[in-house]
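Two forms, one protein chain; structure tokens for each follow separately as structure 1 and structure 2.
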Structure 1
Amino acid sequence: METGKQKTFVDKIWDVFASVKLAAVIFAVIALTSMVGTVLEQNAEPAKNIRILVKFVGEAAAPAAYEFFSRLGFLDMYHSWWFLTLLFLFCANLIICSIDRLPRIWKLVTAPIHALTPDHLEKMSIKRTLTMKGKGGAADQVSASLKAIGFKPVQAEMDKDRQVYAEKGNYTRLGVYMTHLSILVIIAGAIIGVFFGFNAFLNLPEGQTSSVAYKEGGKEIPLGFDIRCDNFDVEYYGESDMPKAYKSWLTVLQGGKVVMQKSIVVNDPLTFEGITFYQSSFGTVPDSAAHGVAILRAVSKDGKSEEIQARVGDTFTIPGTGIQGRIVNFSPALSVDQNGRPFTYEENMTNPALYIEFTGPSQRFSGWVFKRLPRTWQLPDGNRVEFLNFWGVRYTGMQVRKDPGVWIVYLGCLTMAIGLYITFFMSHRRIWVNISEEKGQSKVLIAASAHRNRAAFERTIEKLAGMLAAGNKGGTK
């Protein structure tokens, strides 16, 4: 016997990377490590991840576990050398597997269909037989019926028989390669996003402008333009302190000129020059009473109104009257205890209130005016002071993200969807119809094959047989 050629080192390496088992192992390792990287917050403060680890390993072992995962690079996993190596191995395995199997698949794709012997057709799993009355004309009727169901038939002589055959969807065998390509495109887009993009945050107070965002640890990321928070507002559920929605009004400036303005809410971000600002949180700046500007509308009892901007300590006049108001105090979240004494229960602007003293020619009164409680706007003398806003004391918390690879990822996802549709819902279908004459009748044998979705193709064959039988008033079996 002739001995086979001994494999070289390169051949052995090729065989390893052409193995489906290796693909399964690499994919499993990537999945398991990604689970750890998802549970542990990437590039976060140590205290955050230690609190997470306490839930899994207990308070005593959490610091040691944190140190272990930190040394292995799990706290910045998607930039680590070993994770990128796993992705490289997976891509190499996918490419080599595809190349290794491509010649056989390509031969099936490009090989033209040809006539087969009746014995060969009898062995096919999909087949139907019927008789057609009369001589001649059967091949033309078969061709017409094949055209009606979307095939382009070819006729050929087979000894005493005539055969009509056709194929469709031969290139659908490459659908799996389209899916493989999409995976490579998605990975390429993700890697581009990791190395050429960033994830940062920005807490921007009302009225202030920033040209940078910040990564964990306070590292500045230049934006290449300025962004300003013009206003921020929160809507609550009724009189509760549960936020219902919050919105930021932002302005983008370049060279001191306004180039874009947009209000953002959760799931409706602002994007400019590839950088996206997502609404994520909010808060109150320290010493808000000293920095804020109260926006009021003073309305006299005879209908005269005026919008007023004043700070704590300033005075204003209700239009058309001699009554003056002086803002004495401000609380971002005011409540009253059991003894009727007011107190501030938190620093966030959940229930802002102004303490205003009113003086007039013959009267003097004072009290708290709440932004969220319009009933407190009405004064005892019939005038009204509406508390519209306390501006300049809140900041909008935004996630700032740049991902230049995101469109490549979208392209990969679209390619994958097309590839999966071709792979699972389309197939290479071939039909042979052998026609032989017996005693003044035509005996017809329909044989077919499909490399996928055989059940659906069998229904097509039933339809073809029915068309031929109905057209000739013959029988099928």
Structure 2
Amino acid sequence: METGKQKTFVDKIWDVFASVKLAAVIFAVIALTSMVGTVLEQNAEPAKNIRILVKFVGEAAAPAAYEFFSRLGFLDMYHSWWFLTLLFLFCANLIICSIDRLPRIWKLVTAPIHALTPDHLEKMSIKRTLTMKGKGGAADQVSASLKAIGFKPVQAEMDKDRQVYAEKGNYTRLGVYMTHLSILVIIAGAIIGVFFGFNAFLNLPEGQTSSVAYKEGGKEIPLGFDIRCDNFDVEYYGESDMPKAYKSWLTVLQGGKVVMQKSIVVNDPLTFEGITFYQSSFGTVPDSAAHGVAILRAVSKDGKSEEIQARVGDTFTIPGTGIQGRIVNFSPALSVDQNGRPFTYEENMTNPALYIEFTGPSQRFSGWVFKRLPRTWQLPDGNRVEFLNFWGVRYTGMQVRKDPGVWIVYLGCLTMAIGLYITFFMSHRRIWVNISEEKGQSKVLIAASAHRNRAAFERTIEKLAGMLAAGNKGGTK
């Protein structure tokens, strides 16, 4: 920011955008408006937000308040024009501020360190003085000590003194710029995602195939391939109703040929040609008993076993015996209470059960067979019917996303992490050691500076002074 000269209008605008003050204002405005955005539910039905507003302003004023916030775009604020404008101002601020300051910083970074007059050194923030006995060799000893603490020293001849100096970490001054740049990279990645990607969902019943996903509002998005749900299942912790995993077995097909197969769970999605499928929900198709195929394994007393697929109403035979089972009824989520009586958990297939009537040459019996209760698989006559699956009645609900910008966002995140590390944990450190010879002694002045974390560097200088002083006492160094 030059002073004195008459400033043009453009200069003034530039100065505003180059100031940290504007950044502070924008931080504050984004933070405050976002708070409102977390209280009002975004993209919700009006009734929901009116109910929230009633709690703040009362029954009477709530509709007017709703109208007010709705006009200002607070009900979808992160996509409103003014929020995007704020983000734009934020980026402009960041870019202009960086351009404004970079030349000066760049000079500090690239200009090599040079010898300074003792007067200048006296003004440094970190200083130590000591004397070393003996003529000559002091400069070399200083160089050696500097090398020992990781610096690359340079020696120079002053008018009557010698000076040894070194610097480290001059590039760390750019850490702040890296951090700021990373924010722009992340925003760029997010914008690419918005323009070239999509967010959709797909509810796919077991056994069915789809070549499209659906956006909110029902718009179809072609995938460019087919996806089939082979199976969906929920795993539980033991016999409890605490879900352990939601799992879908998916197959990707191109031109009728299988090109990929994978089972997905909540934290492990499937990605094919840039489109990713995430396990997000599940449900039961209407009229499940009629649609579903029960998959059973019938095992006879003497160990003969056979896998069976049957619908409700079908009859099957237990291999090697004359016993026939007829599936009479199906329940999506039956369990037994303490008295052994069955009760249902509604439609969510928590514990599917089949009611099967068995008729044999000599006996008849019937009962419920539960998918998750293996003890119900055992028949009274020693044969067994294992209930493996009730297939074809559930759909898996998946988020379907394409986001070509996500890697740019991650790149930005990585840059930010490195930038912050450099900014806060590293620093540009410089040391000058001035040696003047007086009456057979070397008077040594150590002066140093660090652009941050001075206390830590002071300890290093302390160590250096200790090393020089120890060398002085006739150590082997």
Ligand code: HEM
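Fair warning: this is a prediction, and the values are worked out from it, not measured in the lab. Definition used throughout: the rigid core is the maximal C-alpha set that superposes within 1.5 Å between two forms. All residue numbers here follow the sequence of structure 1, with the first residue given the number 1.
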property: Answer for which single form is the form predicted alone; result: 1
property: Flag for Val385, CA shift 2 Å or larger between the two structures after aligning core; result: yes
property: C-alpha of Asn267 off by 2 Å or more between the two structures on rigid core; result: no
property: Large Cα shift (2 Å or above) at Ser300 between the two structures, core-fitted; result: yes
property: C-alpha positional change at Gln363 between the two structures - rigid core reference, Å; result: 3.5
property: C-alpha positional change at Met35 between the two structures - rigid core reference, Å; result: 4.9
